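Taking the form predicted alone, here's one chain by itself in structure tokens.
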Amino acid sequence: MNTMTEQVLTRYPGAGRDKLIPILQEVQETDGYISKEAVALIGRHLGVPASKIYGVATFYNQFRFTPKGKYHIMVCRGTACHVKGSADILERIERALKIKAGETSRDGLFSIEVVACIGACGLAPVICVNGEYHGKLTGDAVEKIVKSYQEREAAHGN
């Protein structure tokens, strides 16, 4: 069986530890996250123990070990958003979805990611859900946004 990770690894014949980060980046780009199976395959390919791979990957916040939800919510925590209350926005989203930043809901519908800056400072505080920006948020407004996505799923019978 030729997995996507195996396809990535074919582009790195004879690679050493110095190629670990580019391989992890490519696997995540291909699969959306880094699975336990991918870590095992990468370890065998590079001759590196899984614990070392996890050690490197967990050091960088760009790597995820769970798939993103159907609705991936990016919460900006840049300076402008921070000053305008993004900590409260994040807390309200976490409470509404009963998950923390970096997690995916059990049903696979929602995931939350904290980002340093979305680049929409004029809309602060801002979140982005699957590429759709919601700005100048309040705690109540963000709860309504989350609820609208939940209702959208309920309406589709999912």
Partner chain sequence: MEQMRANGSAISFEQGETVLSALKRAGIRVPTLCHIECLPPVGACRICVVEDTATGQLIPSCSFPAAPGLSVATHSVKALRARKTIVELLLANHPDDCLYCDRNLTCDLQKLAEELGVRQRRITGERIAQFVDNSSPAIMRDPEKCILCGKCVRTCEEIQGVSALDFSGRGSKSRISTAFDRSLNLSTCVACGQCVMACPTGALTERSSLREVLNALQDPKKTVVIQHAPAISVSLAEEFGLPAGSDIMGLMTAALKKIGFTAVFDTSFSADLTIMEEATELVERVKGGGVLPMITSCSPAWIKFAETFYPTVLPHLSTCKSPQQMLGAVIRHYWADTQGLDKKAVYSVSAMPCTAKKFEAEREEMLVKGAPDIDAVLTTRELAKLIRMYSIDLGKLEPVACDLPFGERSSAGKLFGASGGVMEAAIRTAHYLITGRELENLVVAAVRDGEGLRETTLTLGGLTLKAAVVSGLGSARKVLDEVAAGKSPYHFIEIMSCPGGCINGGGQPRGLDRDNVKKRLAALYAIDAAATLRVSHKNRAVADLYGKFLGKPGGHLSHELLHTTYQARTDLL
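Residue numbers count along the first chain shown, from 1. Because the structure is predicted, anything quoted here is derived from the model rather than measured.
There is another form of this protein, the form predicted in complex with the partner chain, and it is not shown here; the text below is about that form.
Of the listed positions (Val115, Ala40, Leu109, Cys121), a single one reaches within 4.5 angstroms of the partner chain by any non-hydrogen atom in the predicted bound form, namely Ala40. For the chain shown alone, Lys36 is a contact residue for the partner chain in the predicted bound form, at least one non-hydrogen atom being within 4.5 angstroms. A residue is said to contact a partner when one of its heavy atoms sits within 4.5 Å of a partner heavy atom; Lys52 meets this definition for the partner chain in the predicted bound form. With a 4.5 Å cutoff on heavy atoms, Arg17 counts as touching the partner chain in the predicted bound form. With a 4.5 Å cutoff on heavy atoms, Asn130 does not count as touching the partner chain in the predicted bound form; it lies far away. For the marked spot (Thr5, Thr10 and Tyr12), a heavy atom within 4.5 Å of the partner chain in the predicted bound form is absent from each of the three residues.
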